[in-house]
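Next comes just one chain, in structure tokens: the form predicted alone.
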């Protein structure tokens, strides 16, 4: 038997016994309704929640609220952009995007975050090079806390995951809070139900 075989045999014979992982509680608490908590924490982190009436025209809302956005890149068919994006798009071509639009998979009430993966962004750079980001979110897809978020299958089904919490910010210089220092200058979450394009008023 070769030295290599001896080593591999010794490793094989001395494997530790498998130990079951402990059950991690979800730490649910009796708090405000999830939507109210999500809104409060989103705004606390510098984000905004868009208010709609049922059946609102998203394209008209985008045109009204982002009148200076010359380049709109939508990674969801629910909004018509003027810059196409696919999985093959060169990230460098997104450097002049004024508004990026995505559909978030779920939100986290505890932190006011929205979950995005490469499937929602198409190109990851869209979430960081855009001047402003609009994330569509079904209010039924808001979970209570990060324990619920990390238990979802998206974290094992995707190669890239991010919980985006408000626009980019820094307070390193003289303790002054600056938004948009290293990424998007604003993050707006629009409550739009999946599938039917209807939205709700909060």
Partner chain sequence: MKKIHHAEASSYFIEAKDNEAFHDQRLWDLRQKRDREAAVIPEFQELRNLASQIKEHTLTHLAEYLEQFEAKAQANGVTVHWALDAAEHNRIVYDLLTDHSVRTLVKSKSMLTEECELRPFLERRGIEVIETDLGERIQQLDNEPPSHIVVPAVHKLRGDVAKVFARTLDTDPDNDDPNYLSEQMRVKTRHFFVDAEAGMTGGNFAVAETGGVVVCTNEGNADLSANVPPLFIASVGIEKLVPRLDDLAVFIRLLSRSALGSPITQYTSHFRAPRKSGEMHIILVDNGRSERLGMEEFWYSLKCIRCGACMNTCPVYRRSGGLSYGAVYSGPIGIILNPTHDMRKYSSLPFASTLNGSCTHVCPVKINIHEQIYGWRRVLAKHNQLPFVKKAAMKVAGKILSDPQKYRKTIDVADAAIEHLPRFLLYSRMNAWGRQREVPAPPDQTFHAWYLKNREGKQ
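Residue numbers count along the first chain shown, from 1. Because the structure is predicted, anything quoted here is derived from the model rather than measured.
Below, we turn to the form predicted in complex with its partner chain, even though it does not appear here.
Might residue 193 be said to contact its partner chain in the model of the complex, defining contact as any heavy atom within 4.5 Å?
No, residue 193 sits far enough from its partner chain in the model of the complex that none of its heavy atoms falls within 4.5 Å.
Quick one: is residue 173 in contact with its partner chain in the model of the complex, heavy atoms, 4.5 Å cut-off?
Taking the distances in the model of the complex, the answer for residue 173 is yes, it comes within 4.5 Å of its partner chain.
Against its partner chain in the model of the complex, would residue 146 count as a contact residue? Criterion: heavy atoms within 4.5 Å.
Judged by the heavy-atom cut-off of 4.5 Å, residue 146 is in contact with its partner chain in the model of the complex.
Flag residue 131 as yes or no: does it have a non-hydrogen atom within 4.5 angstroms of any non-hydrogen atom of its partner chain in the model of the complex?
Yes, contact at 4.5 Å.
Consider the chain as shown here, without its partner, and state which of 125, 85, 105, 79 has a heavy atom within 4.5 Å of its partner chain in the model of the complex.
In short, 125.
Under the 4.5 Å heavy atom criterion, name the residues of 163 to 187 that approach its partner chain in the model of the complex, in sequence order.
Read in sequence order, the residues that approach its partner chain (within 4.5 Å, in the model of the complex) are 163, 164, 165, 166, 167, 168, 169, 170, 171, 172, 173, 174, 175, 176, 178, 180, 181, 182, 183, 184, 185.
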